[in-house]
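Encoded as structure tokens, the following chain is the form predicted alone, with no partner shown.
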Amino acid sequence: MTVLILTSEEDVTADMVVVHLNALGVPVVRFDPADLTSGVALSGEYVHGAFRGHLSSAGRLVSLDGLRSVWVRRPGAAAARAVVPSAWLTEESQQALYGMLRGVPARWMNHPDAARRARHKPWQLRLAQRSGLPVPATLITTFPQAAREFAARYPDLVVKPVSGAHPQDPPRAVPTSRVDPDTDFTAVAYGPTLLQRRVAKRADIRLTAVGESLLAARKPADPDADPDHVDVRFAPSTGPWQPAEVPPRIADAVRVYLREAELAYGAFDFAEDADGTWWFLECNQSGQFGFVEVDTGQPISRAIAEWLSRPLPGERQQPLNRTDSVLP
């Protein structure tokens, strides 16, 4: 049984997982959907109630029925690098590829439907509260007066994009920034604005969830840093991430969140305040983890590889090329 990885060619983080899959003796096929029709091919046949599907990439042919798991890491838009790319070809290719994959019994990290829903920040905040995670007071609005009233109740605010684009995705990436006390919020009318009570943090927390395994890392705030630099993703590095224990209450709530969101993987960001409370900021369903593993030595890539390697229900367990057990 084969593990399929859908991601870009330059994804070094995925390379870390492939190393562990190779060590486990698990067959891997990796390609970028952007290469469909130019190096990647697919075929699906539906005859007499049966389905036979195949994918071909880099000279390797894999049966869709032979897939154990699918890791949707950071794939490009389907057929984006075709000889004659077009919006029509991308849509047709997306429908063909993901439509076929949805019909196989493989396990997903993460399923496209769950991943699409999980990207919505308002949905995340509501689910986090329902799951028992502390969430700072938040307003998303295009009403200037609503923003003014919110600022009157919470004078120390930050503003951030609703979409939460990654810093490596310019020009859409915008850092979380403090709101000037004199802001009149008139411009709120021109686009949805997310305002949030600022957490006076003593540390940033990144919690990486892989199945039931929770691996947390902590970066203490620099006491000499500019107080207006509130986004750790854009701020100058002040030191390495360090392993951190996950409070039992947070662990229980994160597992509820993952179960309700139907996610097998999630990168959770928290702000730790002076009382030690972990305030939920967001959950990135395809968030980076390589930088945390490099700093802390935590076996995140191995945990992902072992999750992807787990046999399907009814599949005969094959011995692993190692002595330790598969992580839950």
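Small disclaimer: the values here were computed from a predicted structure and weren't measured. Residue indices: 1-based, along the sequence shown.
Absent from the display: the form predicted in complex with another copy of the chain. The rest refers to it.
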- request: Answer yes if any heavy atom of residue 191 is within 4.5 Å of a heavy atom of another copy of the chain in the predicted bound form; otherwise answer no.
  value: yes
message: I'd like to know whether residue 99 contacts another copy of the chain in the predicted bound form, with contact meaning heavy atoms within 4.5 angstroms.
response: yes
- request: With heavy atoms only and a cut-off of 4.5 Å, decide whether residue 296 touches another copy of the chain in the predicted bound form.
  value: no
- prompt: Does residue 162 make contact with another copy of the chain in the predicted bound form, using a 4.5 Å heavy atom cut-off?
  reply: yes
- prompt: Where, among 25 to 33, 265 to 273, 49 to 57, 288 to 296, do residues come within 4.5 Å of another copy of the chain in the predicted bound form by heavy atom distance?
  reply: 49 to 57
message: another copy of the chain is absent from this chain, but in the predicted bound form, do 178, 210 and 312 each have a non-hydrogen atom within 4.5 Å of it?
response: no
- prompt: 238, 186, 95, 242: which sits within 4.5 Å of another copy of the chain in the predicted bound form by any heavy atom?
  reply: 95
- request: Could you tell me which one of 116, 255, 148, 202 places a heavy atom within 4.5 Å of another copy of the chain in the predicted bound form?
  value: 116
message: Can you list, in sequence order, the residues from 281 to 300 that come within 4.5 Å of another copy of the chain in the predicted bound form, counting heavy atoms only?
response: none
